[in-house]
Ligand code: HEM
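Here we start with a single chain on its own, the form predicted alone, put down as structure tokens.
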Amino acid sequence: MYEFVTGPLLWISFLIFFSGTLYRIRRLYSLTEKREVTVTPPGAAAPPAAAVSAEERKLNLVVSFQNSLLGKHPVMAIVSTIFHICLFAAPLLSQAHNLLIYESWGISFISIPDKLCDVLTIIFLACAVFFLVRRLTVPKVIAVSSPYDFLVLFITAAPFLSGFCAYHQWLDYKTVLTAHVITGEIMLVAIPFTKLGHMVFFFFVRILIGGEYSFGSGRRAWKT
């Protein structure tokens, strides 16, 4: 069983992940169009920019902060940031994962000590419990929650929980390790087709599409 999930099933998972991601990117392009750029003719005067005082700029910054997630829900913003940092750092910098990658493809990445990876995993699982309790206790969140949201949270947390148990050799090691690989593959397959896709498309959308929260000018816009 372990040989199958680490062999053919793993390659199938990667194939679905990459093909699904490419499909989503193509879909994104089909829903957007190139933005029209206004060019000032040579010799023409550029429209005057409205003068903004230092007090107005300060007020705009305060209002923007108050309307942001950090301004409205600071605890949620901090926990969410820590959650996402651990989500990427723990698996990508794990010595065990990087050793397997090196043995398979001869590629070596930066790794962190196992103890630090263990701490990141515990912090990640604590954040996941926070999100679960929040969905079960906060009325506004309960109103917009569905079984789908709990399933996505479980898919995200399961590889970390099973990996933590495998590292500490709790229960039957081979069984838990197999469960760790399978849950990781389920998460990989789910990324292009569920809410987990924001892990891949967040920066892509912020760079590609112009808007209030873009990281750059953005060369495309949503079709109207």
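Whichever C-alpha set is largest while still superposing within 1.5 Å between the two forms counts as the rigid core. What you see is a predicted model, and the numbers here were worked out from it, not measured in a lab. One-based numbering along the sequence shown.
Note that the form predicted together with this ligand isn't included here; everything after this is about it.
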Item to complete: With heavy atoms only and a cut-off of 4.5 Å, decide whether I122 touches this ligand in the predicted bound form.
Response: no
Discussion item. Against this ligand in the predicted bound form, would V152 count as a contact residue? Criterion: heavy atoms within 4.5 Å.
Written reply: yes
Worksheet item: Does this ligand get within 4.5 angstroms of any non-hydrogen atom of T183 in the predicted bound form?
Response: no
Discussion item. Contact with this ligand in the predicted bound form for M199, defined as at least one heavy atom pair within 4.5 Å: yes or no?
Written reply: yes
Practice prompt. Quick one: name the residues from 87-113 with any non-hydrogen atom within 4.5 angstroms of this ligand in the predicted bound form.
Written response: L87, F88
Worksheet item: Superposing on the rigid core, does the Cα of V200 end up 2 Å or more away between this form and the one not shown?
Response: yes
Practice prompt. Taking the shown form as the reference, report whether the CA atoms of V200 and R27 lie closer or farther apart in the predicted bound form; the distance changes by 3 angstroms or more.
Written response: closer
